[in-house]
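Listed next as structure tokens is one chain, alone, in the form predicted on its own.
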């Protein structure tokens, strides 16, 4: 049950009952009418802009139209008051009985409460992490992994058909550097003294097992071959080993992709998707041979004033046109990236979401232009940039990892504080805002630690039911019993306030999914947990407000129904975030 959708229907019916007609004789457009929470909770439960957006069309002043609409809404049995405010907003306060009906709907819907049909089964591709397969995941990848995974969960919950995808950058120069680094470890495994890892190669200890595996598989054979022969063999083994390590790192964070797409596959296996893409763009008049102006600022050492194969990205809002082929005839990274997104489009995706690190911000405009071009405007790319994560321990910067050689790994963080703390805290800031992650603070058992406070809220609901079983063993709070509880007994303002907060959940899911912002779920859960904990604390000071009343079975049953609804919504929201909803806190 979505309160806001329910009352949007009632508001539109009240507009029709007001018998107003457009001055131009056409049909009244109600598409801009919304029902939402008022900015100030003191103004009521709901607010609508109906009179504000319709007054001009019907030739009335907003407050005059608002008065007519409010008069009709005031006759609704679920409306306590309908008041006109400011220039023409209508604020509604609802009867407690309506909130009781909402609570009953939550109880009967169980874990499906809030699950929406917004997506309508639309196919959405969410590509996230996509780290170069050159080593273990670092903490920067961690944030993108969590944001992408939670966003995919959110979209699926809102009714979209979601594919979770990882793009393996296994065709660039950095993979050849990786292979040469592994070959050095291979020689080491055969007994050579390799000394200090040369500059430009990957120094991390994580390549030692790869070298040992190569030695076991090939013995001394590779040493006698020229690089042109051993490099592709070593590259294949090493990339496979790195991807297995990456999968394990992601699994520790409860991140699992459905598709791992290889960049190399774009130009292997008997077809060349990049060449196909360039042909498509050329047929549309979007490719030409020309020269690019020099970059602004200091001229790079490798910049050449030469004729290149260029994409007309400026036709789609980019700053300059972009090169698709290098002077030696090889493809640019950009050409491969366009071909990859073109492949997504050919697979039936028209909504593409990429989660990138903030250092790729300059790439967004050109990639968006490319997607618009290759899809003929049928596909939309939304890039979510994740800002840097700074690690602290009790306010002091965290030292670097020995295992990686030069950065803190994802596993370092997960192993120390646990998956739940990492996932929740990575989502407790908007993705494009910098994030300070303090190992000490995220393990504190206090209100200042959001993940603890929300999980404790769920654990407290379970504790209440355990206490009810101990103190009132003859009361069996099954789902059926709670669904038929005398909810009219819930008349404390704190109890009604919790139901109001619960009622926001479907709208929250819908708006968060529409805006691709999973952090909104984390914020909502903290607010819900805060109200629930506050009601518990009120019961310590006022015994009549305690959830379990030994001398009042009906009231206890009604309050347990409220507790069950809180548990259900917290569990649902935490599931979207990929965080456990514990029954006990240790």
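Residue numbers count along the first chain shown, from 1. Quantities reported herein were computed from a predicted structural model and do not represent experimental measurements.
One more form of this protein, predicted in complex with the RNA, exists but is not displayed; see below.
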Subject >> Heavy atom within 4.5 Å of the RNA in the model of the complex - the one residue of 117, 173, 394, 228 that qualifies >> reply: 173
Subject >> The single option of 218, 261, 316, 456 touching the RNA in the model of the complex, heavy atom within 4.5 Å >> reply: 456
Subject >> Partner-facing stretch of 246 to 254, 321 to 329, 492 to 500, 69 to 77, counted where any non-hydrogen atom is within 4.5 angstroms of the RNA in the model of the complex >> reply: 321 to 329
**OP:** Decide yes or no: are 439, 476 and 572 jointly within 4.5 Å of the RNA in the model of the complex, with each residue judged by its heavy atoms?
**Re:** no
Subject >> Contact flag, residue 537 vs the RNA in the model of the complex, heavy atom cut 4.5 Å >> reply: yes
Original post:
For residue 199, is any heavy atom within 4.5 Å of the RNA in the model of the complex, or not?
Top reply: no
**OP:** Evaluate residue 270 for contact with the RNA in the model of the complex, applying a 4.5 angstroms cut-off between non-hydrogen atoms, and reply yes or no.
**Re:** no
Original post:
With the cut-off set at 4.5 Å between non-hydrogen atoms, does residue 56 touch the RNA in the model of the complex?
Top reply: yes
Subject >> Sequence-ordered residues of 439 to 468 touching the RNA in the model of the complex, heavy atom within 4.5 Å >> reply: 445, 446, 447, 448, 452, 453, 456, 459, 460, 463, 466, 467
